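Form predicted alone, single chain, as structure tokens, below.
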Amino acid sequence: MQKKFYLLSVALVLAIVVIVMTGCPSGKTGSTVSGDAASKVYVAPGQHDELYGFISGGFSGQVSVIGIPSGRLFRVIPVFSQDAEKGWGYSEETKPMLMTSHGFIPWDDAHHPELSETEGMADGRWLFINGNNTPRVARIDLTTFRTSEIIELPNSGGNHSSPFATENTEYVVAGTRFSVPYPNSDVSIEDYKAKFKGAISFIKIDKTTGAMDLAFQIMMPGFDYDLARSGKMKSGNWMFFSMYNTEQANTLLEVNASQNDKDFIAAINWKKAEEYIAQGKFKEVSGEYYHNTYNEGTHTATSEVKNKVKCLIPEECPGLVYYMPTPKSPHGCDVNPTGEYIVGGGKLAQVVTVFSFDKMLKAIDEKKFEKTIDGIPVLDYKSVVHGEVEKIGLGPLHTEFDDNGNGYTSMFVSSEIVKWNVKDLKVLDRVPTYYSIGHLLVPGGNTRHPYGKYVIALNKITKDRYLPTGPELTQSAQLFDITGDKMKLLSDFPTIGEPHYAQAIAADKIKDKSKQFYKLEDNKHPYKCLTEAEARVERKGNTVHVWLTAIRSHFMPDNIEGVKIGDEVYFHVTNLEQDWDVPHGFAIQGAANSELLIMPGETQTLKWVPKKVGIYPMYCTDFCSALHQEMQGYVRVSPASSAVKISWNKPTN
């Protein structure tokens, strides 16, 4: 049996190799692009795109912001990884955002952006994103396009099925990719089946502020939890999770986690979970985790360490969780706009399975169970399935929907998008992608009312699509028109690596709410300096604090003496500008971190520890005016035994 599945895996790999090596024949790409494609993606100078697109940065740990349909890159939002361009994770104010129970972790693997929702529609308030490696969830404020909050997830090992939101953003959820001992402890890996569990976390979201709180976890069997999606309308009280490795293998999963003909989609009634929590039917388990928040008033992040979490055990909570058998190794777990159909894409199956929510409720009511696993009923497959989309392609992964009753599924192995009707399960169209598509995006395709104009393929491999750049080539996205019966390729464009999932929203949901600057009178930073007259330098033992202002086109002070070897110098830089898009940068020679990038009205701090005697230039790094080059100064560093006193130049008026 193992040999059979090993051969299947080899066959799939060979299929991928053939597709990649064959590529797109040089000089023949034009035939796949419609003649009016350029006009459909062209955004004239000075004009705006229809949509904001948010693409996960994968192993970069960041999120990119693009315009749709142009594909133009507007911004990279630093989240879990340090970013020298913006000083994220380098300034003293932002360092706490990257603190975890493992210490300061300046990197992660970000996969699935998720827009906040109201009544099942993206509302443009917040964007959530998961950290897969060190399990974390972040919240980005879409008025500032800045990460406002990061919460760590205890008792988890790989936060992949995350952070998918309920219809009114009551919760975002996070399922562990790697099951671990619960709570995590020193046990033999050979005890996997007996002692490893899969934690699914429900993070409560404050409806006004967006503030996150780890409300509870559900202790599931020790499987690998892959993706998730909230129900809609009739199914809005449920959350659905795909999972693989129901064999509970702990080695060579390529073969050993592909033995069962079916894995599962878990249906979790989160309203029922709330009832059990209110009734006190939970266990409080240990698990250290950090909760980091950025305060827009003080422009400073702080960390809170927590040590306990409420845990629900399905065996003790009847009606909380049910399993629906799903063809082999499902990846996607998607819900159509009506909330009636749940779609599972089995990577090793040649069908896409569609479940009926109504049938699921009926099967639960009639107790049509195949068996139970750790107290979780497994529903009879034939009782819950709406049908299977046959001959859909090779390697189905992820499905999104338009507003006309159609699904669009990515096919990793056969490198294509397949369009099919959700009710009658008939394949309607297919188009090639270049190459090896992972996720795809229909703007609003996870909501009650999809935008329904485009589908975007997020491709892993490009080969001959772009100019070569050494051993590694760019990842890419491809934009297709779906307004007609047939999908039409309009354009492709590079992305930051590695793109996994993306979401998009109409521009007018965000653009008019964008913050332009911070009011100086609202600045509550403890080291703010609101006028040049307040600029100063103070020594406290071996610590030197510099209250420094920046305005076009000079610093105050811009000449400082009395710093000595062994000092820790903190430059607290306040940008005095009160105009849109006038940030200032600050850098000093020999700094062991990065520049600062300070928004108008904001205060940020750079720590500098000089190692050598001498004169050190400092300057503005962000072009701000015609006299940008003149925005500079000097710091004199003397020996530790020097008698040179702290001094600085004062304003002349």
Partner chain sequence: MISFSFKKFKMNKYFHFILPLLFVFFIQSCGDKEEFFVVKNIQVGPLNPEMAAKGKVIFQSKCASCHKMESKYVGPPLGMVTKRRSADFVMSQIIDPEAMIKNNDTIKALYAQYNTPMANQHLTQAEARSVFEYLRQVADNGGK
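Predicted, not measured: the structure shown is a model, and the values here were computed from it. Numbering follows the first chain given and starts at 1.
Another form, the form predicted in complex with its partner chain, is not on view; read the next lines as being about it.
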Worksheet item: Is Glu577 close enough to touch its partner chain in the model of the complex, meaning at least one heavy atom pair within 4.5 Å?
Response: yes
Worksheet item: For Phe517, is any heavy atom within 4.5 Å of its partner chain in the model of the complex, or not?
Response: yes
Worksheet item: With a 4.5 Å heavy atom cut-off, would you call Met556 a contact of its partner chain in the model of the complex?
Response: yes
Worksheet item: Does Glu149 reach its partner chain in the model of the complex if we count a contact as any heavy atom within 4.5 Å?
Response: no
Worksheet item: Heavy atoms within 4.5 Å of its partner chain in the model of the complex: which of the stretches 73 to 81, 420 to 428, 102 to 110, 523 to 531 has them?
Response: 523 to 531
Item to complete: Just give me the single entry in Leu214, Cys317, Ile551, Ala349 that has a non-hydrogen atom within 4.5 angstroms of its partner chain in the model of the complex.
Response: Ile551
Discussion item. Within 4.5 Å, heavy atoms only, which of Leu627, Ala38, Ile615, Ala592 is in contact with its partner chain in the model of the complex?
Written reply: Leu627
